[in-house]
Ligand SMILES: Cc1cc2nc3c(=O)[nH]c(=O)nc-3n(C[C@H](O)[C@H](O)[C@H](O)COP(=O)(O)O)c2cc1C
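Shown here is one chain on its own, the form predicted alone, set out as structure tokens.
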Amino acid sequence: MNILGVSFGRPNSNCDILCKEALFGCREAAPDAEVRFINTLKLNIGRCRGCGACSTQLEKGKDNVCIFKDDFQMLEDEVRWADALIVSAPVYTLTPCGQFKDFVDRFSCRHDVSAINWVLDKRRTGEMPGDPDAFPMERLKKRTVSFISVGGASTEDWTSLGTPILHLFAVSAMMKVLGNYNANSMGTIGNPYLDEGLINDMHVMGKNTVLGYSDDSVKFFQPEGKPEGVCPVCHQRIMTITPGQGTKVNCPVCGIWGNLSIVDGEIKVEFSEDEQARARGTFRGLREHTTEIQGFGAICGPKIMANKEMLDKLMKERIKGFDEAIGNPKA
């Protein structure tokens, strides 16, 4: 088994400590596994520029590697190598640090299980070029992962989007998430080693991440004393309320709908099995999105062509010629 820890925090600081202690837990569950650790702070990982080259390459029968050359490819290769992962990231302003999101934006479009299978099916029927058997299938392999969000605030509301955003790393590749740990209060704890319960939680979560790879009965890790999640799929506690939808609420991470009620003065949210089956991290949920994307051309193409002259004029005068149109002085 291959186990990888990735820390987006400062070297040898809280993110590294918690990630590595979780890896020690992984080692306890898998004594013969190969364990690697990467700190990303000095890596150069630029943001996704939305060029679409990776999707185009895939449709042309090529491996959809990123055309921008930096340290992203090295980290992506390590993730592709791994069977189980522990990922930690610091929270500075409610969400994990920007480098994490930059990596996820570029990683996800190359590892969307539904999109890849859609193209491979087209190749098998001859509708698209390329050999389906030549594709690097490790992009579709099973993986388990647990996340550690690290913040200094003593209340969770200042780190509330830490684990939900970390969870996005797992969605496209359909990784099985076995832990979302919000390690807030580091400003008062001082050092993780001064909190024995925190270190123990890391070990248990690490074990679960490995054991859950081959044993579906292993439950999602729930730290003692921490509030349980509301969504039964991603185990997050954030819900979106939409006016006009009555008591229906939406999990913004999974994209599924549930019904809210008050029972004995407590808020309850129930999600049907059918909704859970179409969560974003499932093949059905991803395929819904793939189908939607594939239909964009038929919708937008005719609209754009029918208005091409008007659009070209507006683009030239108001967008490309913005400074002159807005009245800015000439340089």
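Sequential numbering from 1, following the sequence displayed. All of these numbers come straight from a predicted model, not from anything done at the bench.
The same protein also has a form predicted in complex with this ligand, omitted here; what follows describes it.
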{"item": "Contact test in the model of the complex: K308 vs this ligand, heavy atoms, 4.5 Å", "value": "no"}
{"item": "Interface membership of G151, this ligand in the model of the complex, 4.5 Å heavy atom rule", "value": "yes"}
{"item": "A22 within 4.5 Å of this ligand in the model of the complex, heavy atoms", "value": "no"}
{"item": "Interface membership of V91, this ligand in the model of the complex, 4.5 Å heavy atom rule", "value": "yes"}
{"item": "One residue of N208, T159, S172, T144 in contact with this ligand, assessed in the model of the complex (non-hydrogen atom, 4.5 angstroms)", "value": "T159"}
{"item": "Contacting member of C254, I116, L85, M186, with respect to this ligand in the model of the complex [4.5 Å, heavy atom]", "value": "M186"}
{"item": "Heavy atom contacts to this ligand in the model of the complex at 4.5 Å, residues of 1 to 15 in sequence order", "value": "G9, R10, S13, N14, C15"}
